[in-house]
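Take a look at this one chain, the form predicted alone, written out in structure tokens.
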């Protein structure tokens, strides 16, 4: 490929990336208002920044919601390129697919409950906890009993653990500090606080958990709920809009650096047999 072709490809990629980042908040807000607010749309405010404008177009005027959306979009932009949505976007575009194709593939990666649906699962679990315990704010003893009941039934406590981190997720900490500063009283937010104290020691008791600490999803849903974004089926859309900042910026670097097509390692049947034999022998 000639230098001119590479330069032209980089320019087109950059333009696609800028268009996507610019338009995604309005597309998301359009879907939100069409789905939940009788198709009553709100025009963007050019005097607001990217994240605050998203809050505005969703229909939230409170300055705290705008602050939250700035925090939310920043911490969900991308935490490491190996996660499902970021890696998928990179993989598809490594074949020189355009940004629209790569990002749409990455967003599909958010659809799974282990990735983009995780904060929804946390809210569902907390709501179920409250329903079974009679609503309101349960005591720490009641929460502990419910956590143990969840684990005894073979289920996971959503919002805890991480494939990479081995300490409390700093994105959780950022949200906890936001809540401490701006939220005086909220039952769900308080339950999230209590879970931080209750769950890790219980998980450590099992001896099977390498990271018992809360992750980003443990807290994000509770903050959105507090400010009236109660449509938690929409949380993955907000996640996707936020993720665009990180993964699309990375595409510009991939193209500028001439990164090669990504190809997973291939193995033979003999290698698989040997691997299985070794694993069985170790166990």
Ligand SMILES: CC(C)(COP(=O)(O)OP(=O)(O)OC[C@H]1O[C@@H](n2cnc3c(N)ncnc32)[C@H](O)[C@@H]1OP(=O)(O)O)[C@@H](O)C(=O)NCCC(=O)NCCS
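Positions refer to the first chain, counted from 1. Please read these numbers as outputs of a predicted model, since none were measured by experiment.
Same protein, other form: the form predicted together with this ligand, not shown, and the subject of what follows.
Could you tell me which of 68 to 76, 147 to 155, 100 to 108, 176 to 184 sits within 4.5 Å of this ligand in the predicted complex, going by non-hydrogen atoms? After filtering at 4.5 Å, what remains is 147 to 155.
Using a 4.5 angstroms cut-off on non-hydrogen atoms, would residue 211 count as touching this ligand in the predicted complex? Because a heavy atom of residue 211 falls inside 4.5 Å of this ligand in the predicted complex, the answer is yes.
Is residue 124 close enough to touch this ligand in the predicted complex, meaning at least one heavy atom pair within 4.5 Å? Because no heavy atom of residue 124 falls inside 4.5 Å of this ligand in the predicted complex, the answer is no.
Residue 161: heavy atom within 4.5 Å of this ligand in the predicted complex? Yes, residue 161 is a contact residue.
Using the partner position in the predicted complex, report whether residue 215 sits within 4.5 Å of this ligand, counting heavy atoms only. Residue 215: yes, in contact with this ligand in the predicted complex.
Would you kindly say which of 92, 203, 189, 198 lies with a heavy atom within 4.5 Å of this ligand in the predicted complex? The residue from 92, 203, 189, 198 that makes the contact is 203.
Taking this ligand in the predicted complex as the reference, which of 115, 193, 87, 130 has a non-hydrogen atom within 4.5 Å? The residue in contact is 115.
Those residues of 235 to 273 which, in the predicted complex, come within 4.5 Å of this ligand by heavy atom: Counting only heavy atoms within 4.5 Å of this ligand in the predicted complex, no residue of 235 to 273 makes contact.
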